[in-house]
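Take a look at this one chain, the form predicted alone, written out in structure tokens.
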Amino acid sequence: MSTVPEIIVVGGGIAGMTYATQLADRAGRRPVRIRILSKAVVQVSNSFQAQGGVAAVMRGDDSFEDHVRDTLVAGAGRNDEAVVRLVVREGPALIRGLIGLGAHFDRGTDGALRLAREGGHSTARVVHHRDRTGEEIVRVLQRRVELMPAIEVLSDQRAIDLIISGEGADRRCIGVRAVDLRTGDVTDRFAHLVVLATGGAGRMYEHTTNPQGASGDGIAMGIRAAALTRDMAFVQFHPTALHTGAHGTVSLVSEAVRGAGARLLGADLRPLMRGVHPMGDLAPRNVVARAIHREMMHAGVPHVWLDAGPIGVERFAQEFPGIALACRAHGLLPGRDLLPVMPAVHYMCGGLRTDDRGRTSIPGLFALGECAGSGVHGADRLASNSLLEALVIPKRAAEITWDEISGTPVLPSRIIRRDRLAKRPVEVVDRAMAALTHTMTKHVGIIRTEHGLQHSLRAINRISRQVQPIWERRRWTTALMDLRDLLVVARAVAEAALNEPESVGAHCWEVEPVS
């Protein structure tokens, strides 16, 4: 048994790597073993694909109070204001720290950071690296992880459940059960502390900006272990995803494009946001997403248009090379052609309830990043606050980790089953996944009704009954693991939405006609 502090971090994105590197830095001469369990390479994470940037007060004509106000307005006042304030105040130092580690953010000819303005922000305060900010931050953090002997990255490890010991006041998380995606081995891995940094659950919906790995595993594991959640009703739809007619992951057209001058047009090519909101095209995301949704429903069209003509072809290609590349793959030249865009699921606003240092309601368990409900976002996320939270809260969690570690020796990992994963797709699982995403898109989407939410819960329960026997027979595939977790998160979202009596933030009721 090990008495050296053992930390398991589930998820190797920006939140997970920030926590691991900050903890390793603070360990000094104290021995510590940090294992990052990663089910996929970081290049297919939301962290890596984040386009816009990090919102932070980095110049004198901005203020912490303005950033706090913008965050509270976007979150419809459902935020934890104390957490918002500390994240906003501690953010700039984290940005400067990344720059000191070699992060390259865009600068003007005078050498000052070139800040972008995005939806919901009253001024330009978004630090960015063209349209690949997440990729740049990942590059810096990944290099640090590789150089730190206290950190070990275990690839192809899919955590499926938390290991909980004790009852009542003695209840504690002591590890995770994980599947090796290469061998099929199921292993119980024990630790003094488990940190969930697994991202969101965008794959619940037919159209999402999230990658394949956004299957809600961290949130689902926490819910199955009876951890408390918060703000689960609030699922953010990004207003401008590229419409291609395909389901699944779609290309995001960053809000920074509208910040640079692009304008939304309706089906009749009139300015879509004129008269809708004082901030026009840069209104909070839920406002813009609903305006686009209404236009699509009213006009009977699958998308609206984004006119990047005010930016121009050359400038667009220079400032947004990743988006330009995605558009060209579909025969579109931004700055010349109108871009077909539609809302798509982007980020969860809530998750496992935590305090301002990542502690959940279960001792021995932290949650960070998108799987956490820290209170920063409230009823809707302010653009580019996501990466800010993924830097600040993990740093704060690392600061108090030593106080959270129990003195109990940790058992060595043990393989509890050797069982190859099924290679062939299970047809019933594929059908069940399609049914889930259709149900969530139709009934738990941008506009909701009581009838629709109740229907979605019946459908989720029916799908769960269909796939449970497959899980029990251990005909496991990665698709089945994803579906098992997504069903748990989907139920939590639908139930929370039913319990939200008024339209607020990303949750909007449609008035049903009296029959």
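The model shown is predicted, which means the values in this text are computed figures rather than measured ones. We number the residues from 1 along the sequence you see.
Another form exists, predicted together with ligand SIN; not displayed. Remarks below refer to it.
When contacts are defined as a non-hydrogen atom within 4.5 Å, none of Glu6, Arg35 and Leu193 contacts ligand SIN in the predicted complex.
Contact with ligand SIN, judged by heavy atoms within 4.5 Å in the predicted complex, is confined among 378 to 386, 437 to 445, 360 to 368, 308 to 316 to 378 to 386. Using a 4.5 angstroms threshold between heavy atoms, His238 counts as touching ligand SIN in the predicted complex. Ligand SIN in the predicted complex comes within 4.5 Å of a heavy atom belonging to Glu255. Although the partner is absent from this view, Asp281 stays clear of ligand SIN in the predicted complex, with no non-hydrogen atom inside 4.5 angstroms. Although the partner is absent here, Arg285 sits close enough that one of its heavy atoms falls within 4.5 Å of ligand SIN in the predicted complex. Between the options His346, Arg78, Arg203, Arg158, the residue in contact with ligand SIN in the predicted complex by a heavy atom within 4.5 angstroms is His346. Residue Glu118 is the only one in 100 to 138 with at least one heavy atom within 4.5 Å of ligand SIN in the predicted complex.
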